[in-house]
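Before any questions on binding or motion, here is one chain by itself as structure tokens, the form predicted on its own.
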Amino acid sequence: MKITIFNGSPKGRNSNTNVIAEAFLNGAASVGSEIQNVFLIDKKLHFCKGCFSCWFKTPGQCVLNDDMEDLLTLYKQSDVVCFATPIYMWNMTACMKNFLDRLIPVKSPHIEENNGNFDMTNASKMPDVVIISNAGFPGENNFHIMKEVMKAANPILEIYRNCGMALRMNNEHIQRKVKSYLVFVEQAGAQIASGLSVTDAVLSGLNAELFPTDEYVRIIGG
């Protein structure tokens, strides 16, 4: 199985988001999957022009000459893709949104309806989607918009991590809790890569509180 993470954090490899992403990929690799972690901030990606040439003139082919051509190939060759992004201003980052806009060539100009929801049909078989997102603040309210936006992708797994500023903090007490959490992320990666549903025990670990709110506020405030 080929699993690719498209990482939308401007901090790239040094981001809190990447701590979760790498754990997920480590789990996938542990069961023999081919893995790749793509940092979108390092890619040359122009903005979509909205010309729809990729539908009507050159189906599947964008008119813009940049790194998206290779990324589209990688996207279509993957069995599972993961959109990984921190929350900036209540939603995904700009580089992640730009990447998603540029995925329009994988669609075709035909409308389909699913339970009252309308979308364009896929031009070919699409990979399964996993979402990884972290927020520096406590509280699940950070992800309300992100969850609504990502419903259209029909994700097979969503990992939302609040209190995300703790993920890279150099403190023994904090890192003990972080490492315990990342065990569940790795297990999720291994289960997805094995073609299995993520178990209830792992889901519970992914969704468990990392720190009580008052403790976390003291941590980041101090």
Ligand SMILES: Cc1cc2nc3c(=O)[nH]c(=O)nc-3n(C[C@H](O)[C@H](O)[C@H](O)COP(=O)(O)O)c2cc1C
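Fair warning: this is a prediction, and the values are worked out from it, not measured in the lab. Counting begins at 1, following the sequence as shown.
Not on display, but discussed next: the form predicted in complex with the named molecule.
### Query
Any chance F118 has a heavy atom within 4.5 Å of the named molecule in the predicted complex?
Taking the distances in the predicted complex, the answer for F118 is no, it never comes within 4.5 Å of the named molecule.
#### Entry: G136: touches the named molecule in the predicted complex, heavy atom cutoff 4.5 angstroms
Heavy-atom contact with the named molecule at 4.5 Å: present for G136.
### Interface membership of M89, the named molecule in the predicted complex, 4.5 Å heavy atom rule
Yes, M89 sits close enough to the named molecule in the predicted complex that at least one of its heavy atoms falls within 4.5 Å.
#### Entry: Distance check, M165 to the named molecule in the predicted complex, heavy atom within 4.5 Å
Close contact exists here: in the predicted complex, M165 approaches the named molecule to within 4.5 Å, heavy atoms only.
### Query
in the predicted complex, which of 127-135, 68-76, 97-105, 146-154 comes within 4.5 Å of the named molecule (heavy atoms)?
Among the listed stretches, the partner-contacting one is 127-135.
### Query
Three residues, S9, N16 and N142; all within 4.5 Å of the named molecule in the predicted complex via heavy atoms?
Looking in the predicted complex, the three residues S9, N16 and N142 all sit within 4.5 Å of the named molecule (heavy atoms).
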